[in-house]
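As structure tokens, one chain now follows by itself in the form predicted alone.
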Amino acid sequence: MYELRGIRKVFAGGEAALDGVSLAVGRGEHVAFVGPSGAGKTTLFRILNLTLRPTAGTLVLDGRDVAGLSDAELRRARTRIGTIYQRQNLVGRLRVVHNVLAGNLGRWSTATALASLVRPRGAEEAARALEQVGMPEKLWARTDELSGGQQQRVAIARVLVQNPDVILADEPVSSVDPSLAVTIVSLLRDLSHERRKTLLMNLHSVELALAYFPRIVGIRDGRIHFDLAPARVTRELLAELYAGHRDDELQLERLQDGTRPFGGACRPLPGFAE
């Protein structure tokens, strides 16, 4: 689905957010990205969802070099990629049905989108998506009256309506409580598996990444630090990845001691075997 060769991104001021990133992701594959704040994970996701152009390197989406796409082809390519953000990018004053149906905006004309604000077009489709995320009763609720976790589920339902080939989730659980984080990550994984979607997720929680994904990519200072199966991600690799980032080092200490960051005790994870 993706092939990246030597991707580099330099912002104003000359600092490289990404430097020589090469990566291949197969169709239907599930991959978690971990690393300290400022490592370049969000920049990478903005390049993957085609909203940011790399300064150098090659990005291939489903066999086509993105640099060679026309404006119309680029717009069509973007409709194949659904992004779920840390902040859900919902319109709070609108009903849930309108926010969910926003997944159709890449296909609708401006006139159709405006008409749907008056009389929702495809409310049944929105209801089915909400059923899949476990909150069908909220179809006509005002979005700003929902909890943070419920709003994140609305964002997931919006992506289901979009029906993309790729789902990019950029820190989708950093603003919800720990128990709900597990629910949302497993929901995204299960829905992606059922619909055979490629799922890429940025996660602050190493534990969630190791527990729910078959492939872990560690990023530090704009470079890939490792790209491994969970069982091969050792505490030494993670210590190198997060060195100098105290909050993340504390998370790793809790994992090593067998204490879940989400509360309660647990056995050490397989990735922390000696």
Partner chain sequence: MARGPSAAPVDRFPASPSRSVFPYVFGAVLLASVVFSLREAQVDPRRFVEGEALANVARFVRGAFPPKLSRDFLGLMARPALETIQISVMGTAIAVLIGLPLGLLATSSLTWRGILHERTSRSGRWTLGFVPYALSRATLSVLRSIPEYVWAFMFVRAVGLGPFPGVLAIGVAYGGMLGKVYSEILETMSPRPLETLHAAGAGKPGVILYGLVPQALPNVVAYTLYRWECAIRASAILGFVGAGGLGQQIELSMRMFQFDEVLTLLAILFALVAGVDWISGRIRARLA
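Numbering follows the first chain given and starts at 1. Computed from a predicted model, the values in this text were never measured in an experiment. The term rigid core refers to the most C-alpha atoms you can superpose between the two forms while keeping them within 1.5 Å.
Keep in mind that the form predicted together with its partner chain is missing from the display, and what follows is about it.
Task: Stretch in contact in the model of the complex with its partner chain, which is absent here, among 176-184, 143-151, 192-200, 114-122 (heavy atoms within 4.5 Å) - done: Contact criterion met by 114-122 only.
Open item on the list: R95, A127 and P136 - do all three of these have some heavy atom no more than 4.5 Å from its partner chain in the model of the complex?
Closed with: Every residue of the spot touches its partner chain in the model of the complex.
Task: Exceeds or equals 2 Å, Cα of D190 between this form and the one not shown, core fit - done: It does not reach a 2 Å shift.
Task: C-alpha of A77 off by 2 Å or more between this form and the one not shown on rigid core - done: Shift at A77: below 2 Å after core fit.
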